[in-house]
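Okay, here we've got a single chain as structure tokens, the form predicted alone, with questions on binding and movement later.
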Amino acid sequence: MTTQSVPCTHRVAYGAAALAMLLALQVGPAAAQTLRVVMQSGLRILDPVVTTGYITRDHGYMIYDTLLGMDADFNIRPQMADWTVSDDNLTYTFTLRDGLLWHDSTPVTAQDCIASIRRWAEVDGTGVPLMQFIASIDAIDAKTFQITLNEPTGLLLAGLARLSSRPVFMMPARVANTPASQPITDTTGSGPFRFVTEDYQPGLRVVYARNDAYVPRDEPPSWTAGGKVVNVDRVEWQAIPDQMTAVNALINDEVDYIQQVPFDLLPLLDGNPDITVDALDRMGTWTYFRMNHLQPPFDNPLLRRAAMAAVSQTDILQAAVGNPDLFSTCAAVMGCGTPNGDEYGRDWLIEGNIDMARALLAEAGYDGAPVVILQPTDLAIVATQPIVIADALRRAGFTVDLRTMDWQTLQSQLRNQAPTLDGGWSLYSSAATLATSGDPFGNPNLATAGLRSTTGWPDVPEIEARRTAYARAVTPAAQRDIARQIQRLAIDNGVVAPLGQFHIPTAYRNSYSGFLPAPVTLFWNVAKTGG
């Protein structure tokens, strides 16, 4: 995507209320070295272990660091630690680099890292199966620890370097010893930014200050690998739910960066010499919906297939993106264009099949149990999918209850396992970067260990068995064969319903440069280069 501009005639003045809100958000130190950012939604959940929400993940990359990083060629690189491996590929020794300090100025230790890995592994879709391969984790000294495996697996390094949705962020042991089921309240990290607690307004405003004690690596930055050099004093995240207001704030130099620009507002930025529009995630994003396997009606696999059959990807993508040059249909649960991108089910998933859906409802004896669909109103890239899904399900014969809320409330709601009559949910839609969705561990939707899985809680032991086999597979061909089996099982069991792929545009003022192309949002390397 190229630089675009907006004609002056398209500039729309703020309403008084919106302007007052924005000014209230900008209270704080002078703006010269303050990068003003509009993120996809407001930040309310601070613990990157208890949620896979991207806004919390992005918060994690600000204040925490990771043992390993991944570069743009998918190479795993040292970040906080380097490693060696024994000849039998069973013992990995990790050594922390010099100069690592927590934000309270105490040194990062091997015990801190062990506690962080263990907490992550309690709940993560890679961490849980990884622990089956681990015989022991032992501190050797303050800067060194060893992980001994029962049998060789590529999951260890891949897990420690994972980009999303739940990276293995390092925390002090006093924090990481908190059970993974209990959100943390201590935001001490060792990353390139510090969380400014006194300026935090949940859901509205988050402020990060440069961590002057952070020692970046010497290598050039590439995705989450290399040097994390911070060139600005502060980064302020502002929540502006009205997307038109956000775009006009960018045009009027009242914010510097919008993480996700709604597709229908891109013409407002067309031709503006002060603004660059770019899809920083070069691989793109896929969108999907998931169902609650614990509660009616989607505890019935026939009804899950009926819902999948009812929805047309083309309708979804037309509503969400509009411009066919920016989207493509795809039935692969691990993404088209990836090595594992099998499209079993394409014949009925892409255009939808209402007759098939109605037949499945009849076969299942559907009793009219309501389908509660959660719709976020403040996250543009997934705001329209629930509306299109609701319409398709009603046409197929489902009873639908569409509930609107902001994205962070939706994220909190997803942890609710109660029946719909007691505040539970049936279906939600989301989106994920393709760079992290192309294998059965990086893609959290394919964890199917029931209550130990992510939201929706599918229980499909056959998929879990194949995920383990994938971890043991030693050739790409063997992995692709297992991935094809997982695709078939995931579609037949209604684990996740693919809705197509697209590129998400980011926009920023040209007074800043250095925004890194990456599948996650990163603010190191950014510098103010103009007035």
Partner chain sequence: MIKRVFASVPVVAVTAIIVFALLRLTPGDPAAVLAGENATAQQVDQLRQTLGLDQPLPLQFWVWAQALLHGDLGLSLISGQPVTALIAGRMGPTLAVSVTSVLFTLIVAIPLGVAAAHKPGGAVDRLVSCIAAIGVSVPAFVIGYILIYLVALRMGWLPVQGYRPLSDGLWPHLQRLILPTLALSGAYIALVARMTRSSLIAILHADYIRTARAKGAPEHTVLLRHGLRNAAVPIVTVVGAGVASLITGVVVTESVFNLPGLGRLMVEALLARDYPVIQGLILLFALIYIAINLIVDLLYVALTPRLRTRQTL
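So that the term is clear: the rigid core is the largest set of C-alpha atoms that superpose within 1.5 Å between two forms. Numbering follows the first chain given and starts at 1. These numbers come from a predicted model, not from an experiment.
Omitted here: the form predicted in complex with the partner chain. The next part is about that form.
Out of the listed residues Q318, T95, T409, T338, T409 is the one that sits within 4.5 Å of the partner chain in the predicted bound form by at least one heavy atom.
With the partner removed from view, the residue among L349, V123, A396, V372 that has a non-hydrogen atom within 4.5 Å of the partner chain in the predicted bound form turns out to be V123.
Stretch-level contact check against the partner chain in the predicted bound form with heavy atoms at 4.5 Å: of 444-452, 148-156, 134-142, 305-313, the positive one is 444-452. Although the partner is absent from this view, Q479 stays clear of the partner chain in the predicted bound form, with no non-hydrogen atom inside 4.5 angstroms. Looking at S164, you'd find every heavy atom of it more than 4.5 angstroms from the partner chain in the predicted bound form. Contact between A465 and the partner chain in the predicted bound form is not found at the 4.5 Å heavy atom cutoff.
At a distance threshold of 4.5 angstroms between non-hydrogen atoms, P216 is out of contact with the partner chain in the predicted bound form. Taken together, the three residues I45, Q238 and A249 all lie with some non-hydrogen atom within 4.5 angstroms of the partner chain in the predicted bound form. Residues R44, I45, V50, T51, T52 of 43-57 are found to place at least one heavy atom within 4.5 Å of the partner chain in the predicted bound form.
A movement of the C-alpha atom of V496 reaching 2 angstroms or beyond is seen between the shown form and the other one when the two forms are aligned on their rigid core. Positional change of A431 between the shown form and the other one reaches 2 Å or more at the C-alpha, relative to the superposed core.
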